[in-house]
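Single chain ahead, by itself, as structure tokens, in the form predicted alone.
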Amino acid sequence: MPETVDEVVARLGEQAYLCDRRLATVILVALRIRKPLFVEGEAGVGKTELARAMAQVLGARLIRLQCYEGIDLAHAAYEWNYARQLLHIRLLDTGASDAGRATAERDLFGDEYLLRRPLLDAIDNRDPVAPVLLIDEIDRSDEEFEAFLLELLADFAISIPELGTVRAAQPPFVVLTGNRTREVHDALKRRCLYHWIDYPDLEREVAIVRVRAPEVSERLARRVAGLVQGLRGMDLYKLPGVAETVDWARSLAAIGADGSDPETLEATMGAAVKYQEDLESVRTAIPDLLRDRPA
């Protein structure tokens, strides 16, 4: 486990994740006091990638739960293998004794028939190093699921009526992410350390492109990052994230372009801009963006 803020920055950097000292400080605190870390920010700024990088830093298994509208315990925590239980019951009817049938019926709700979903897998782990649990896009779930997470994050335990309460021998390092598609309840935020990940400044974005796409030259990385920074100042439906900056730079590098030709930029801008209305706005703005941000 990292011992200092500088070590967090350095070890994440070894995993091609460049973070500032503010984020590194929050991570170190979360590790030391065993608090979940809740990170919000626009799509594409590296929230999900942070959890992946932390799993590598800690030498831990990454367990990811992707949230969506209507997610429930059966998909998030556990469910019983009803088909296998039914088969077992049919086999009992083929001639087992009364004593054998009673024992077998008790076994119906044993680990053999339990389907472990991400939350139970993270809580009831036997890993050498506690896993990293990524609860991705929590704002896509509903309030009922949030209420369940409150109990789980408070005690690192899951109640299974047929088996009892399962408690974590070693709690996972929990990272929750959100894009602010809706407000997450304050009670859930109180269980966590909170951090907002903003778009990086130009120099950091250039560095990220160079780390993520070594085939991209410094000159091209700077030109593309500058263009994307300009796009974020426009009134677009969806602003491009850092992931889109990397994709656009890779696209241009793949065809040997240096990013100075408006026609080539227009042909490849689908790597960074994902809506038709935005494409039209950006297409007319490219000449001005190039003029304002020469490489």
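Note that this is a predicted model, so its numbers are computed, not measured. Residues carry their position along the shown sequence, with the first being 1.
Beyond the structure shown, there is the form predicted in complex with a small molecule, which is absent from this document and is the topic of what follows.
By the criterion of a heavy atom within 4.5 Å, Arg116 is excluded from the residues contacting the small molecule in the predicted bound form. Proximity of Asn179 to the small molecule in the predicted bound form falls within the 4.5 Å heavy atom cutoff. Of the heavy atoms in Glu137, some are within 4.5 Å of the small molecule in the predicted bound form. Residue contact with the small molecule in the predicted bound form: Thr48 places a heavy atom within 4.5 Å of it. Of the stretches 26-34, 235-243, 55-63, 266-274, only 235-243 has residues with a heavy atom within 4.5 Å of the small molecule in the predicted bound form. Residue-level contacts in the predicted bound form: of Val174, Ile208, Leu120, Leu149, one residue has a heavy atom within 4.5 Å of the small molecule, and it is Ile208.
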